[in-house]
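Below you will find one chain, with nothing else, as structure tokens; this is the form predicted alone, and questions on how it binds or moves follow later.
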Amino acid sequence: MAIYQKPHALEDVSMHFCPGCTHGIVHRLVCEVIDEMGIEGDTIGICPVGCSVVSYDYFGCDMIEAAHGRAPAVATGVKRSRPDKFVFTYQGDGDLAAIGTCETVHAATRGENITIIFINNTIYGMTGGQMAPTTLPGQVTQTTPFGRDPKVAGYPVRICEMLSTLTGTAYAERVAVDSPAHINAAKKAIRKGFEVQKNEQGFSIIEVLSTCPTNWGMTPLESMERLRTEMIPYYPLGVYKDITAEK
């Protein structure tokens, strides 16, 4: 009989994330994949500024802290200097899709052989709840108290759709962590991202739709319902590019 237990690659410490936050779920999934692939000693993670800023306390593999938005650039340097290692970044939407847009797009178009775990909770989490590039139309944030108005702030950025148009992108999938079925699918996507890197096929990104109860001003249960009823319809789940499936 299998015993459900903490992955070895996940440190045995208390996390700083807010109650109901789904970062912990994604951390566990990444670490389960690392354990199952037996690559903890050969993995290097990059965590930038944001709610992931102290991920080095949670992941048991080697970790490097990057400046805000620069994780793909740091990952590029690490992977090119140590191509034998598995290199991943763990980034939020305020980081990857705002100040880090340039690094993200150009790492993808170059086909850098790295794996990006992208947390999309439609808001800046750590810095107080400002509007992010992924904030939905009408969503209330600290900087959009009357709701995001596309006429003023533009429309949300759909990262997987955008990056899937780039030749260097090998694999792009959007998943969610609001149910057991979706969590299982998210783990498979993360595993696929690491397998793409193992096979030296290029850039991969797994976008994870997540919650932020604190900055949304909701309970954890209300946050899960919002993810299902508002986020998933605007950000449809699925594979947006997979060159391994192409003939």
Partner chain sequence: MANERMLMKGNEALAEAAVRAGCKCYFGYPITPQTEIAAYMSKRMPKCGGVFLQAESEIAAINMVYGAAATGVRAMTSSSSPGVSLKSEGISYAAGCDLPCVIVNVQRAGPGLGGIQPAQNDYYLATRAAGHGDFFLIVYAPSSVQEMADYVVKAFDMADKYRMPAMILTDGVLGQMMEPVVFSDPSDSTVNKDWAATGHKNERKHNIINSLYLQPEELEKSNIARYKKYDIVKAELPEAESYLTEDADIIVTGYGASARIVRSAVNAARAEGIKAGMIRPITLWPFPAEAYAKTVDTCKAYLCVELSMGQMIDDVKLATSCRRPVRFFGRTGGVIHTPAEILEQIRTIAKEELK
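Numbering follows the first chain given and starts at 1. Predicted, not measured: the structure shown is a model, and the values here were computed from it.
Quick note: we don't show the form predicted together with its partner chain, though the next part is all about it.
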query: Segment that reaches its partner chain in the predicted bound form - one of 117-125, 166-174, 147-155, 67-75, heavy atoms within 4.5 Å; finding: 67-75
query: Position in contact with its partner chain when the complex is considered in the predicted bound form, options E222, D42, E32, E195, heavy atoms within 4.5 Å; finding: D42
query: Answer option from V54, M37, M218, A185, heavy atom within 4.5 Å of its partner chain in the predicted bound form; finding: V54
query: P213 within 4.5 Å of its partner chain in the predicted bound form, heavy atoms; finding: no
query: Partner proximity in the predicted bound form: V208 to its partner chain, non-hydrogen atom cutoff 4.5 Å; finding: no
query: Proximity of E11 to its partner chain in the predicted bound form, heavy atoms at 4.5 Å; finding: yes
query: Its partner chain contact at G60 in the predicted bound form, heavy atom, 4.5 Å; finding: yes
